[in-house]
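A lone chain, given as structure tokens: the form predicted alone.
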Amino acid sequence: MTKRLLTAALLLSVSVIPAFAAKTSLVVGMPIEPPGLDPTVAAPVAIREVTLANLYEGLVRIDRNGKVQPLLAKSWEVSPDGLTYTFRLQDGVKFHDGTAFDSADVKFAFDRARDPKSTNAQKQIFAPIDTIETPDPATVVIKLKNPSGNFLTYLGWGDAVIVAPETAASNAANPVGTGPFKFKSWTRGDRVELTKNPDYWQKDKVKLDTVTFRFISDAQAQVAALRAGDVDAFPNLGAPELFAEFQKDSRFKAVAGNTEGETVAGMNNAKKPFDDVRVRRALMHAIDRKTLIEGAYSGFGTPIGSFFSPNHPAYVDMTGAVPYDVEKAKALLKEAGHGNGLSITIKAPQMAYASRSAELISAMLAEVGVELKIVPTEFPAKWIEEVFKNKDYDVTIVSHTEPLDIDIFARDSYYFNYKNDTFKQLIADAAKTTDEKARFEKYAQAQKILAEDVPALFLFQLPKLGVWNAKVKGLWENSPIPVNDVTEVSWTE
């Protein structure tokens, strides 16, 4: 009799459990594996796409609409002269190792980033800083040497996340931050696994228990993984020719969004023949951007004529500055002494947009007598070593996905080897200009200089072709900053 009652009770308890509980795990696909997991010491975007907002947090964050929002700083005040920023920090925040977060960590992180020996990829963020004061554990006062019109926005980048002195040195392999997820494991060449942070200071905001980032470089394999259910989401699908099929499939949500990624074929401006603006303009005249976008990205993407995002209010359409004109290209090459032809190489990373674009550009340049030999170059490791660091290249192609990064053409040591004192001064002046209208005017002038000087072949703005399971909600449709923020992601039942 007792066993019967027990059995009945068990059956009754089972009957009240929902038949289908919402999933609490997510598998996100990415085309590129990061070389490390610390965004404060290296440039590759893949680092930020795994870690920013998930493992690490900054004083502020850039939301899905591109707006600056509070994060580790719950509020701030800016002095009337724009030189003093006072940040009030959140209470009860802990790093993943259990140590408390306070103002000393902010000072350490920023002093580390702006140290002359630092390898931080965006040191211009910290260049205006004069002093960092910590009057108490919950307050940080940053005093600038000169105003910085984009200072708060920059503090939302992955390069400005807060790391602790106890763990900073080992973060590249064993990341410790304050974010909603903790690092679990990294299987090189395959995946990074994260688990929910039980001590997260906004714990009610997080719905997922586990997140896995899988690295699949082959575009067809990306599609197969989605269809098989091995991957729940691919925020940046590498097979644009199959995107329309996902749009028609009710099992998936497919969204054509935008990014901040200017896709350019950078030229080594210090190397002949690229030190001659006539050659650079000739190569630009040879490029049919519309045909390139159709062939490389199935028509997705926006043509650009300079190095500025069409999503930004200061954008100026400069595609008419050096338009597609085969005869003009031939004439300029002849004028520059290359009327009998020219042979150059392009180091093309394995990403689908880069390899496809390189093939199309090669065909277009052949029409004007330029032989462009394609050299496949593994990204990120080999590309960073040969192109980014050693500047051992003629032409290369890559998308620069950081927002508002026109200033890279003003950096003397950047891989373009571009030198233009007028442009450099203009960018410096823009950075110090707090009046938005005046700053935007300077950005417009800077765009015009680049469009006419052509230090790189300006091609198209990289689209964001996101595909994910239709039951997944909360993923970003656009990328105002390079990130795969899964903080608010959940499954419908």
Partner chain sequence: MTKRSRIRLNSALVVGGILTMLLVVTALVSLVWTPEVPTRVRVVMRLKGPGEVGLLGTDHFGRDVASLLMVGAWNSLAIAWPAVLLGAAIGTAIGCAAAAWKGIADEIAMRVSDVVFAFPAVLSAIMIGALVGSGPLAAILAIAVFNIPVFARVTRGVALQVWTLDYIAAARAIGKHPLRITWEDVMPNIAGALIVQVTIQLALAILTEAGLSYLGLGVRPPNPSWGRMLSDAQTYLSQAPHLAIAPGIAIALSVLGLNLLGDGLRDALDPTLKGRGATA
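Numbering follows the first chain given and starts at 1. Computed from a predicted structure; not experimentally measured.
Not pictured, yet referred to below: the form predicted together with the partner chain.
Taking Ala363, Ala104, Ala127, Ala381 one by one, only a single residue has any non-hydrogen atom within 4.5 Å of the partner chain in the predicted bound form, and it is Ala363.
Proximity to the partner chain in the predicted bound form, taken as a non-hydrogen atom within 4.5 angstroms, holds for one residue of Asp317, Asp97, Glu359, Asp115, which is Glu359.
Using a 4.5 angstroms limit between non-hydrogen atoms, Gln220 touches the partner chain in the predicted bound form. Shown alone here, Glu294 lies within 4.5 Å of the partner chain in the predicted bound form, counting heavy atoms only.
Although the partner is absent from this view, Ile374 contacts the partner chain in the predicted bound form, with a non-hydrogen atom inside 4.5 angstroms.
For the chain shown alone, Glu241 is a contact residue for the partner chain in the predicted bound form, at least one non-hydrogen atom being within 4.5 angstroms. Between 208-216, 147-155, 294-302, 189-197, the stretch whose residues reach within 4.5 angstroms of the partner chain in the predicted bound form through a non-hydrogen atom is 294-302. Residues of 126-150 that come within 4.5 Å of the partner chain in the predicted bound form, judged by any heavy atom, do not exist; none qualify.
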